[in-house]
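Take a look at this single chain in structure tokens; it is the form predicted on its own.
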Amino acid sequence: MVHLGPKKPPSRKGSMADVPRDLLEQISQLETLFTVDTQKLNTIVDHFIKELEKGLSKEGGSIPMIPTWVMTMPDGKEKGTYLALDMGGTNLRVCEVELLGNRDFDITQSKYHMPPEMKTGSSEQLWDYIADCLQAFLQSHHPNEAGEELSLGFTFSYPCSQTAIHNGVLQRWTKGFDIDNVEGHDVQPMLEAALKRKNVPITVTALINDTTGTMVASNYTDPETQMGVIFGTGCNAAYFDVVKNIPKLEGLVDLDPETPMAINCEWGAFDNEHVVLPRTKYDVQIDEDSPRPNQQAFEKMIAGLYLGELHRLVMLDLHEQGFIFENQNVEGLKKPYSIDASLLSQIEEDPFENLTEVEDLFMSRFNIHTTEPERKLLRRLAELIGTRSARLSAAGVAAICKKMGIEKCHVGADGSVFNKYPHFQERGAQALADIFGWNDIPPAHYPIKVQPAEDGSGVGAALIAALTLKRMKEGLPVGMKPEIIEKLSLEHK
């Protein structure tokens, strides 16, 4: 056997002994700016709870708090074969999920590229293309079988308003889509019409958001799961509330007040009024330069899309003040969003005391020569930005738990920042311990655990289709009162 030498040492904080006084002062100032202490976290949590409740009220608030019409958690005994379709910005994913009835499942899936021209083409082209992909999937996996009608859970993660589980009126396109005659319309009949045109034996049973799917899929395999969260390019959460706690549904539903209702929070919009979040001048700049200023305030402080940009703005500011990269060309750092969260991950993961990997990174990416003290500042800055993101994220989880009186549960989490950013999970767990005062409990025994989720847009969507069919067979409602749906539909037209 070939001996490959010692294992790569773990990443380490490193000593600041050789860092000049002026840079130490800058590091100290950055620590003051970006550190969210326990007292501040608790203030944020208290305000978050009020804003979650405001979102459920008739008047509404910044956080949309959308009822999803998912009104049952799986019991683990669900059986049958269901399809799931996930329409992302670059790919379509089609899954066939066989639920085995013992909190287990089998999944077969295919991915289809979303041609860029499709994203700005006609509505009919888009739905026909999706119907073609579904047909291709059925033909490749069931070539000789008769066309038995299959139920589809459609993960459509674009802002929608829903009056029932199977419909969704698109409010606005995101992820680079800009197709006429879809915004302001229900997407379900459009997809069903295309499926009919192509003779594809599929019915759209449920239209869901990926965060709700994440919660339901995670609960299926682990019944202690009571919440689903996404910490990735964006951020979101879903949890189960009860109808009596949702004043904005008053008069619109024919449901027992104790009926559970999954809520898609869309919590990236928390604190759009800038009351409580500890924004720095760099956060303010990101917001002002963004396509939608004064929106998604929480998301802009925690989501992957913005972490690298924060780091870039601080570096440029310190350079302009003469503290780092003296007499060097920093043109490579001047392009907005040229640094993403993966670069911060690499900076944090450098295992060497003198941070030679960071040195190589800045030389190859930006043609900037860095001194060792500069690299230690850059490392500390990445740690501060990453830690702030994790701690603020945990404040959202804590707010839902406190609002619902949950003292012990699992939270299914997905997204690139949660899965890939170094120490994000441990830092988030520490923040929860700070908020709830778990001082004497070892981390392995924390009552609320945020852990990797099951596949929300595939397995979750299929499960929700199964749960919806079950409710319909039992004659239970899957949306607003029929007369309200009809009235809203006429008003809409």
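Heads up: residue numbers just count along the shown sequence, starting at 1. In this text the structure is predicted, and so the values were computed from the model without any measurement.
One more form of this protein, predicted together with a small molecule, exists but is not displayed; see below.
This chain is displayed without the small molecule, yet in the predicted complex the stretch 153-161 from 111-119, 368-376, 336-344, 153-161 comes within 4.5 Å of it by heavy atoms. For the options A399, V314, A382, I230, the one in contact with the small molecule in the predicted complex, meaning a heavy atom within 4.5 Å, is I230. Between the options K244, K175, K196, H142, the residue in contact with the small molecule in the predicted complex by a heavy atom within 4.5 angstroms is K175. Looking at E299, you'd find a heavy atom of it within 4.5 angstroms of the small molecule in the predicted complex. The shortest heavy atom separation between E266 and the small molecule in the predicted complex is within 4.5 Å. Proximity of T211 to the small molecule in the predicted complex falls within the 4.5 Å heavy atom cutoff. Remark: A206 does not count among the residues lining the small molecule in the predicted complex, judged by a heavy atom distance of 4.5 Å or less.
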